[in-house]
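Single chain ahead, written as structure tokens, the form predicted alone.
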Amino acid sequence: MTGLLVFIVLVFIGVAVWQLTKIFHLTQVGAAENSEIANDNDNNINGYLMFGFLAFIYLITIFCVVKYGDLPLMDNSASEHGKDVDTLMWISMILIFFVQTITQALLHYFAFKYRGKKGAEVVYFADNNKLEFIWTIIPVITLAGLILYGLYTWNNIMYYDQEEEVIYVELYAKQFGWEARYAGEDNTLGKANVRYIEGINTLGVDLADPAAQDDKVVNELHLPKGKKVVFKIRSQDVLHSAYMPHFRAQMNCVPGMVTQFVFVPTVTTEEMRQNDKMIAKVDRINKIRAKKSAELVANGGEALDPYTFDYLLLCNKICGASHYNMQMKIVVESPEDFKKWLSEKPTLAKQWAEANAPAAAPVQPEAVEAVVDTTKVLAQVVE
């Protein structure tokens, strides 16, 4: 609310300045130099302002790099392919930074150098084949190189041999949450369709499919370190996007079809928590939370819990009002701990059978009385 009020005040100030400027111009009616045609002085001012704006661009760029340069996830990837993605991102950022720096300098320099001057003559070029060839072929070669490198990296990420040992996991998106399904001992996910959604079967698994009998549905994603995981991704309602930033993984979740992503986790949750850069980030977050907690407590509220790092599965599509709630915790652990965790989870078929088991017939009062009478008779016989 405060931000909205500040915005409204700034708008009113801007309108007021604009109106005052118009009034000032009206008071200059009849002045000798009152003309809408720019003179040499106007052109000189605009030329120097272009240099001033160029300096502003460079200064704000340097400030952002120094102040916020450690915030982007440009290193410490937690997947096998993450280094390739980071390398591609660094190449792209360096090229963009270099080209932006040079082109902006040339743009503002030429705007100053060729500013309007009284009596100056200009030459109009209809075309220049040499220049057009240069500024066309350079971007073509650069973009072709980036695209080919990107395709090569993408193919390496997504390829897996059908015969190699992989783990199949289904990620199921819906407004506004995630669920995961693991293939059981047969390492095959059972068929599923939204038409089968009923009761606890929230993923629409076809429980008549033999391959679905050992599938397990969970609300927390666990992954074994060093094992290749093949994600089968579905959506129940609208377009979502499965986004796991620390693993450099993202894939759209499209209603009516199954998409796929493959990667190998390389850093456990505990190992990432011990990373020096992650420790520094967590410490900075907790300092901010401590400051906010002091304000909340002063106003009669409850303090915020300290932040602890966890990998997260997020939705990277604005899918509705509670889009921000689409988070699932990811735990990367040793293969032994993963197997132990998964073995303790019940199968969906077992949960379904228990949830739909016929209720036991209620005991009739007459039967209870008959049992009591028989007990009394037996007691008398014994005596």
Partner chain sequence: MSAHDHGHHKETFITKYIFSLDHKMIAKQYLITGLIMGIIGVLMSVLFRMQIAWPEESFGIFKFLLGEKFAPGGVMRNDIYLALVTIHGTIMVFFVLTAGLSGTFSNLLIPLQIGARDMASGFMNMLSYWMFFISSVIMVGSLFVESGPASAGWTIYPPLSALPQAIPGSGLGMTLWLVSMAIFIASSLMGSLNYVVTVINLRTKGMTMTRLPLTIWAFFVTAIIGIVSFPVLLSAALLLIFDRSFGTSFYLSDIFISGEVLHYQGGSPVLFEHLFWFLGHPEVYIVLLPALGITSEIIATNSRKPIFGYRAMVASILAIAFLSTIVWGHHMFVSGMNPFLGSVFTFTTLLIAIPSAVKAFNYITTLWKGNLQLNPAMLFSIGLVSTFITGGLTGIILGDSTLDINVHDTYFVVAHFHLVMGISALYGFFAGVYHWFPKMFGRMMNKTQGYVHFWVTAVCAYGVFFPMHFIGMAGLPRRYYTNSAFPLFDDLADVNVLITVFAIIGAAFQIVFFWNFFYSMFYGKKATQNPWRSNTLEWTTPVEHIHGNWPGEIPEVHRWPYDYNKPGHDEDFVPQIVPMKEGEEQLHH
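Positions refer to the first chain, counted from 1. Each form is matched to the other, and the largest set of C-alpha atoms that superpose within 1.5 Å is called the rigid core. Computed from a predicted model, the values in this text were never measured in an experiment.
One more form of this protein exists, namely the form predicted in complex with the partner chain; it is left out here, but the text below deals with it.
Comment: the partner chain is not present in this chain, but in the model of the complex one of 187, 252, 275, 213 has a heavy atom within 4.5 Å of it, namely 252. Only one of the listed residues (76, 266, 293, 259) places a non-hydrogen atom within 4.5 angstroms of the partner chain in the model of the complex, and that residue is 259. Listed stretches are 153-161, 266-274, 218-226, 205-213; the contact stretch with the partner chain in the model of the complex is 153-161, by a heavy atom cutoff of 4.5 Å. For residue 330, no non-hydrogen atom is located within 4.5 Å of the partner chain in the model of the complex, even though that partner is not displayed. Residue 61 belongs to the set of residues with a heavy atom inside 4.5 Å of the partner chain in the model of the complex. The closest heavy atom approach of residue 11 to the partner chain in the model of the complex falls outside 4.5 Å. In the model of the complex, residue 85 approaches the partner chain with a heavy atom inside 4.5 Å.
Residues are counted as partner-facing when one of their heavy atoms sits within 4.5 Å of the partner chain in the model of the complex; in 275-301 these are 281, 284, 285, 288, 289, 292, in sequence order. With the core held fixed, residue 44 shows a CA shift of 2 Å or greater between this form and the one not shown. If you fit the rigid core between this form and the one not shown, you'll see the Cα of residue 132 move by 2 angstroms or more.
With the core held fixed, the Cα of residue 204 is displaced between this form and the one not shown by less than 2 Å.
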